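In the form predicted on its own, a lone chain appears below as structure tokens.
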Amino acid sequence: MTQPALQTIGLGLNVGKRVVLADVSLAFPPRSVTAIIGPSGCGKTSFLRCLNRLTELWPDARQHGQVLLNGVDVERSALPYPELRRRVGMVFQRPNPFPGTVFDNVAYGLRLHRRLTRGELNERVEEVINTVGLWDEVRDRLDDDAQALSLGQQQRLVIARALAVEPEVLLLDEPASALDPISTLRIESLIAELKTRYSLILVTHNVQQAARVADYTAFLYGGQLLEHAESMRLFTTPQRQETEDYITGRYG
């Protein structure tokens, strides 16, 4: 059996006295897309934030259980959080380009994590901008303010920024929810291309999107994992009544 790119074992999260996640065990295969679905407030985004320990930034948050990156326990190995977040990148619901130019946004992580000549830096920036299908749109705008781009362009730029530092896993928290339909299709096409190289974990409120792009789907409900299977199986023959009720729109 192929070793998972990322895995959780008994993962839990408490914020103050509130139980946000309880005993979530999931394995994410390499070079695949796993969608996390479930009703609002079920813990989807919190689960993503546990995977690269962004929960450390929350007051009163206490995370327990294991997160394994390529079979290695993140906590027991004392992997520094900046290195963890390089290897497990994250893209948020709303595009968040840094203040500065298009070029500097993509180059930011490279300047922190790698020692490159100017030529090597230019080459890598062009490579990842091209990977997200943005090069032809911004090649003459590299010195422009990144926040002047359209929302769809900003989101692809943010993905390029995450890819520049060569992550192993990419976390996507509803990356198309703020975008128009054409930009959404571009993000979905990009996800399909990226899975040939990365493990992607996609939180989405859009059941149809999960069915379109995900190889596997996990259903969270009340902070618990109720069902996890290949997407085709889960969407056609769900094993839990709660799953069927959610994907058929009876609640959500």
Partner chain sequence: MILRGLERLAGSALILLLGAFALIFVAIVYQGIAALIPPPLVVLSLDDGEAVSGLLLRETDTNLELLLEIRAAKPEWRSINRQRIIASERPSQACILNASDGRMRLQTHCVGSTSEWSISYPNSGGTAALARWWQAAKDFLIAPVRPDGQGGIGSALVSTMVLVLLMTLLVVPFGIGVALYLAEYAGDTGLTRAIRLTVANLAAVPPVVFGLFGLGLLVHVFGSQIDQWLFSERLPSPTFATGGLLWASVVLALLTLPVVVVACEQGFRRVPHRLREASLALGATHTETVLRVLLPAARPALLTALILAVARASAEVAPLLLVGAVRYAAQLPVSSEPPFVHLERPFMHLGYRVLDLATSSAGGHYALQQAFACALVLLLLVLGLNGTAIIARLRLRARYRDLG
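Just so it is clear, the structure is predicted and the values come from calculations on it, not from any experiment. Numbering follows the first chain given and starts at 1.
Separately, the form predicted together with its partner chain exists; it is not shown, and the next lines address it.
Contact annotation for residue 111: at least one heavy atom lies within 4.5 Å of its partner chain in the model of the complex. Its partner chain in the model of the complex comes within 4.5 Å of a heavy atom belonging to residue 85. In the model of the complex, at least one heavy atom of residue 92 sits within 4.5 Å of a heavy atom of its partner chain. By the criterion of a heavy atom within 4.5 Å, residue 135 is excluded from the residues contacting its partner chain in the model of the complex. Stretch 154-162 is the contacting one of 71-79, 175-183, 116-124, 154-162, since its residues have non-hydrogen atoms within 4.5 Å of its partner chain in the model of the complex. Only one of the listed residues (54, 225, 200, 213) places a non-hydrogen atom within 4.5 angstroms of its partner chain in the model of the complex, and that residue is 54.
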